[in-house]
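As structure tokens, one chain now follows by itself in the form predicted alone.
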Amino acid sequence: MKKDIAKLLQRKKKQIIDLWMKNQLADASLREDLMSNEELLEQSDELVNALLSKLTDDNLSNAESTDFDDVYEILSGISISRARQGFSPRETGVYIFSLKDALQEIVQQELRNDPVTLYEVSIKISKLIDSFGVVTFETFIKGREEVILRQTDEIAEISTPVIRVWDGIVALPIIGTLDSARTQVVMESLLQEIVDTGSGIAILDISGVPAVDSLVAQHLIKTVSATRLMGAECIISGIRPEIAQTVVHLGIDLSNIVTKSTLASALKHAFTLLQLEVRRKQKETSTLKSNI
């Protein structure tokens, strides 16, 4: 190459940052609600400084060079933080690829009288930033997956609330599909509540479970077994007609487990086990009698 492109770009650092910021601020998808312009400038300035400080004419055409380790580290941090903040993949892509536009514009201004060198440099810059873009997307996806997994765990915890319905009786309504991971959450929540409250009866209500197959049934049986090991009796409620037919069709043996069609029926059975009787209070009426 006839010119030291790395040093040229280093001298033009301020112009590159200004052009890059101009490109980003001009984009219609700019999310000022998620990041202020000051934060965006600080983030962009850090990345440009890291890139230009390590850039040489040799590694310009080698995106795998260890010289760019700091750049990749910064890009990874940016991608993960943007995934957590709620940026879309497109918005994250625009961020890094708009840097390519700024670099290309500076190169075109400086090499406009040398089309051969301009072409060669443009290709190298394009490939380099494209490689950065691939890493950015890969890290963004990992960051988004972490967010989804965390939200899934939070939803699982929220969707398995253990309710103390009576002294000595707890109930756990299950809503949605019951898989191995969720069964573990259900089991832990239920057993912990049994210990905390000293309850002797636990009701598992599966009214909100869309379907019961052999795997779901096995998960329920495991939960019942664990509950019994804690010294508590377990009742399964919410056995709808279609669920009963499925259980029979699959040949699943639930004969040693107390099952009820509704939560009310399960609660009534629990009262019987605890030798409790609940009666409706009769309103007292007074009759006026006249003594003649």
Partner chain sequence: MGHFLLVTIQVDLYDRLALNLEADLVQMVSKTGARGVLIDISAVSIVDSFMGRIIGNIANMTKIMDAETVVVGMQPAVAITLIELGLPLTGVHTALNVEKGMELLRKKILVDGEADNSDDEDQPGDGAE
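Here the structure is a predicted model, which means the values were calculated and not measured. Numbering follows the first chain given and starts at 1.
There is another form of this protein, the form predicted in complex with the partner chain, and it is not shown here; the text below is about that form.
Interface membership of residue 37, defined by any non-hydrogen atom within 4.5 Å of the partner chain in the predicted bound form, is ruled out. Within this chain, residue 206 is remote from the site of the partner chain in the predicted bound form, having no heavy atom within 4.5 Å. Among heavy atoms of residue 230, some come within 4.5 Å of the partner chain in the predicted bound form. In the predicted bound form, the partner chain lies within 4.5 Å of some heavy atom of residue 188. Here the chain stands alone, but in the predicted bound form its contact with the partner chain, taken as any heavy atom within 4.5 Å, falls in 218 to 226 among 218 to 226, 90 to 98, 106 to 114, 119 to 127. When the partner chain is considered in the predicted bound form, only one residue from 162, 194, 174, 83 comes within 4.5 Å through any heavy atom, namely 194.
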